[in-house]
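Single chain ahead, by itself, as structure tokens, in the form predicted alone.
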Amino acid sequence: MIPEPWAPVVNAVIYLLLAPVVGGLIAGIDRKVTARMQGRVGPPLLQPFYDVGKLFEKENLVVTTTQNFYVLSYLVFMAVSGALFFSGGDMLLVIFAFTLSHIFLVLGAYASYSPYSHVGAERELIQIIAYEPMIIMTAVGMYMVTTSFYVGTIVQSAIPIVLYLPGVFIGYLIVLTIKLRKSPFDLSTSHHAHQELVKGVTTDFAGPNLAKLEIAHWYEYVFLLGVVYLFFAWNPLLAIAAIIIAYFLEILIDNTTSRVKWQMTLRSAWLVAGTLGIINLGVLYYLRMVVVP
């Protein structure tokens, strides 16, 4: 039994050590399922780890030396945001670190002189603008249900959060497609080479820097799916099932849709996901006012 004062630290360390392993396995499963959907055998399950290992063996070529700093900052802040989340920290602080990590990715792309990197950076900024309001609404909704922004308190709550926040949950799944960089919202980059100009934001990263970006994405996978867990935290088995179903749906959507324009991404995130979230929070606030005047 871990002493209570040390539990957050232990959870954070476990996340930092195991999240890349779990994230890499998720990436491998993603490739395997995608290949099956396309009638292919697909690569080995551990192929993402092989790819990252090969990248670390290559020479670290950069356009400008500042790219090294931006890539490292992206990886560090992505890991920190997940560590804060799994240690039971404040959701608002988690979101701040999470967003800051992507700002460093954008700056790294802008540091290059390539027009493709600049286009990718601009698209990444558009995606940040698109998904950020919904992620904040997710945190606000959980606060309205559990009266706490702390992940530790939310996880320990026996309240079935998803029943109180169905609109917020659906909205989060919509922006989750953006965050997982899957079609139809893989504007700035994609893990699958099935569209043109999908590597924009990572065009001028190579070798170890590209490997660090991939590891940061693995950290991101675990964090994003951890938020899905919070909606079903009162029942761990149901929460794990929800994560599996949600990710399978993301893979299915990725393989049955084509990339849309950035205008449609904003409309989907703001008008559809945002409207669902706002209506859900409005109804919840009204019901609270009626029940507890």
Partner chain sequence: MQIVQLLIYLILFPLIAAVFLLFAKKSVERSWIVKISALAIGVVSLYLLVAGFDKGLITYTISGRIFDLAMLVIELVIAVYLLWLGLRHRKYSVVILVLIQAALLLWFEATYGHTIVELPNNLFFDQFSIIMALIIGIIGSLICVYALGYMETYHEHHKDIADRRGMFFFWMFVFLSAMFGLVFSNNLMWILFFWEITTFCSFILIGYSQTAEATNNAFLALAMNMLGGVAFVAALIYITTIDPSGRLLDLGALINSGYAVAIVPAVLICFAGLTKAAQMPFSSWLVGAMVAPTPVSALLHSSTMVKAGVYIIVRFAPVLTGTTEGMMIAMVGGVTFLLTSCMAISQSNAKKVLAYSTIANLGLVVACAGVGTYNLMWVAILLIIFHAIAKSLLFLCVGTVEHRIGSRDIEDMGGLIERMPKLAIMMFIGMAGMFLAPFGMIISKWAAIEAFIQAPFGLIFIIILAFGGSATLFFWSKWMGKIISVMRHQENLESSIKSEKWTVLWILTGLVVVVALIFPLISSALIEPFIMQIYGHTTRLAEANITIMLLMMGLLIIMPFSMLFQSKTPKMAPPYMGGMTTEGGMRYTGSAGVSRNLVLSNYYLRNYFGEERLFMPGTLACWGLILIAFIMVVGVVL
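Not measured: the values here are computed from a predicted model. Residue numbers count along the first chain shown, from 1.
Unshown form predicted together with the partner chain; subsequent notes refer to it.
At a distance of at most 4.5 angstroms from the partner chain in the model of the complex, all three residues 97, 267 and 274 contribute at least one non-hydrogen atom. For the chain shown alone, residue 233 is not a contact residue for the partner chain in the model of the complex, no non-hydrogen atom being within 4.5 angstroms. Interface membership of residue 227, defined by any non-hydrogen atom within 4.5 Å of the partner chain in the model of the complex, is ruled out. Contact check for residue 137: a heavy atom falls within 4.5 Å of the partner chain in the model of the complex. Although the partner is absent here, residue 180 is not a contact residue: none of its heavy atoms lies within 4.5 angstroms of the partner chain in the model of the complex. Listed residues 61, 244, 29, 238 were compared with the partner chain in the model of the complex; 61 is the one with a heavy atom within 4.5 Å.
A single residue from the set 159, 126, 170, 155 has any heavy atom within 4.5 angstroms of the partner chain in the model of the complex; that residue is 126. Considering the partner chain in the model of the complex, the lone stretch of 118-126, 159-167, 217-225, 172-180 in range is 118-126 [heavy atom distance within 4.5 Å].
Shown here without the partner chain, the chain has 100, 103, 104, 107, 110, 111, 112, 113, 114, 115, 116, 118, 119, 122 in 100-122 lying with a heavy atom within 4.5 Å of that partner in the model of the complex.
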